[in-house]
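The data below hold one chain only, encoded as structure tokens and taken in the form predicted alone.
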Amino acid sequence: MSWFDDSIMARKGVAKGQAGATHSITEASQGKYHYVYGAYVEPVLTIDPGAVVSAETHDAFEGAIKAETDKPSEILNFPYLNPQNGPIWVNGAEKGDCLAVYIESVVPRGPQPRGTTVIMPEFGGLVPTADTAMLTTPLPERVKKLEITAEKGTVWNDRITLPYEPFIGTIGTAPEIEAISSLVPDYYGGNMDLPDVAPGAVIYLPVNTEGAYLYVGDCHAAQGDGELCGVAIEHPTVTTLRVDLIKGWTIRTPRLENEKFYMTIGSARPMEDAARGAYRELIRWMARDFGFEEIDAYMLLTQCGRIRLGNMVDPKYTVGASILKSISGIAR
């Protein structure tokens, strides 16, 4: 039995959609990519729980940066970054439910797949920004175009090749009433840039409105903790998801499960509030579903809890708090 057979998704998921139902969202069927999370546009696809969806995602710039001689400030129209596929309407999803999304694969797309990373004015973790205003002169703009293959990874230069470690930078459901930029992470998911949202993981997303309105995009070929300069190795992909529905499992913020650990995800400023939020939700999860007293879980996580930094550059920072399934009393 694989770990997935005993996952929360497998145990709680409805998965009563048409057997073997598969769908695709191509560039043509997507049409207009979206830069806002909300329930105010028509879904591009309607599915039953248990369906598999493959989406042709764009890079974070919707392909606008084509050469290393390009100047991002002259080409990009901020805040139109992070184009999203979807929204996807999930039949039966209602407020208070949870989407369980198993990430089957993230594969580079294109006849000659390439990735892009850039330095942009007032964007990044070690420079002044609109939210951290300073009189410092901006760094010079720079673009790197990089060859990518799933087998060999990303060629950085003639000495360094990074392994292909893809993940979904931006995924989530519609907020209940707001329409929020796809650059912003929050309780619905969004631009979390958390490397653990990767093939082989299940991400759990709160359903805030009927149909859920699932969005996905901004896939990365590689990224270190923090997405330090603000831009990972952005690349177009074919991303395949299995989308299920857990009725009545109400969660406040996204959660994640993979073979090794359970994780809760918090997004806030300052960064310590993101960590506090993530750890609080993990403690409450342990108390609700794993039989812990909250205070005992609090004490235990002090000894063995782990923190993963998603990004430290977006309008809100993202932190994942996790506990290993190997810890006694957690694995089920």
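All residue numbers refer to positions in the sequence shown, first residue = 1. No experiment lies behind these values; they were computed from the predicted model shown.
Not pictured, yet referred to below: the form predicted in complex with another copy of the chain.
Checked against another copy of the chain in the predicted bound form, the candidates Leu76, Ile119, Ala150, Val155 yield a single residue with a heavy atom inside 4.5 Å, and that residue is Ile119. Only one segment in the set 198-206, 180-188, 96-104, 239-247 has residues whose heavy atoms sit within 4.5 Å of another copy of the chain in the predicted bound form; it is 180-188. In the predicted bound form, every residue of the candidate spot (Leu228, Arg276 and Asp296) has a heavy atom lying within 4.5 Å of another copy of the chain. Another copy of the chain in the predicted bound form comes within 4.5 Å of a heavy atom belonging to Ala232. Another copy of the chain in the predicted bound form is not approached by Trp89, whose heavy atoms all lie more than 4.5 angstroms from it. The shortest heavy atom separation between Glu259 and another copy of the chain in the predicted bound form exceeds 4.5 Å.
Residue contact with another copy of the chain in the predicted bound form: Thr69 places no heavy atom within 4.5 Å of it. In the predicted bound form, Leu126, Val127, Pro128, Thr129, Ala130, Asp131, Thr132, Ala133, Met134, Leu135, Thr136, Thr137, Pro138, Leu139, Pro140, Arg142, Lys144, Trp156, Arg159, Ile160 are the residues of 126-160 with at least one heavy atom within 4.5 Å of another copy of the chain, listed from first to last.
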